[in-house]
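Just one chain is shown here, as structure tokens, and it is the form predicted alone.
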């Protein structure tokens, strides 16, 4: 049976700056009749929207309404772009949209496409150097949908496993103590002077980046919902410019300066 429904394209808009949109994301946004998303995300891509498109901004915590509206407009035959910061499949709209489509028995009937975006942790890593080069995990400190006891369990497991740990949603207007609580849990298994980077609004005009240590991640005013924190592992160090996590090449190859100079000389 053919259904004359409009396509929903779920688009990751990346860390914020429109220059970091993929070509596919850019094309998908421009082709949409209706663009739906959190108001801040729509502002970030305002320069690529046109006057013929219907823009439907929503407030934070209106995620269900956004997805339900996208489905409703699709059923009306409209082509919809549902935008989500970073990658829509990472703490974004992809899963919720599919749950709603499934609940309404529309799976396979409403056409859906997913366009990946650059996650915040990738943008932060690029800005800081190379802190994420081996196994890592991402943990959100928001207990709005995840019980704090589960967050504590994940923090302890990540610390015990010597992962590079990425913290999303470290602090909000209502959640002021969770970052310190998380830090104290991590300090049970991680050295206090382990390098960490705190990055706010990477790629945007108000970008701020601080390289510090695990012991001090809760000491900076820039920490907010727009901040991502990357905590190194036992192989992470900081030089004059960058935060770097060794992957292990030095165990297999001689990376000493004398040997590198020798290899360059031989190649020339």
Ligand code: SAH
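No experiment lies behind these values; they were computed from the predicted model shown. Residue numbers count along the first chain shown, from 1.
Missing here is the form predicted in complex with ligand SAH; even so, the following discussion is about that form.
> Closest heavy atom of residue 101 to ligand SAH in the predicted bound form, within 4.5 Å or not?
No, no contact at 4.5 Å.
> Residue-level contact is defined here as any heavy atom of the residue lying within 4.5 Å of ligand SAH in the predicted bound form; does residue 236 satisfy this criterion?
Residue 236: no contact with ligand SAH in the predicted bound form.
> Look up in the predicted bound form whether residue 214 has a non-hydrogen atom within 4.5 angstroms of ligand SAH, and give yes or no.
Heavy-atom contact with ligand SAH at 4.5 Å: absent for residue 214.
> Please run the contact check for residue 226 against ligand SAH in the predicted bound form: heavy atoms, 4.5 angstroms, yes or no?
Yes, contact at 4.5 Å.
> Only one of 124, 80, 97, 110 gets a heavy atom within 4.5 Å of ligand SAH in the predicted bound form. Which one?
Contact check passes for 124.
> Mind telling me which stretch in 180 to 188, 127 to 135, 194 to 202, 153 to 161 gets its heavy atoms within 4.5 Å of ligand SAH in the predicted bound form?
Among the listed stretches, the partner-contacting one is 194 to 202.
> Does ligand SAH, in the predicted bound form, lie within 4.5 angstroms of each residue among 87, 120 and 169, using heavy atoms as the measure?
Yes, all three are in contact.
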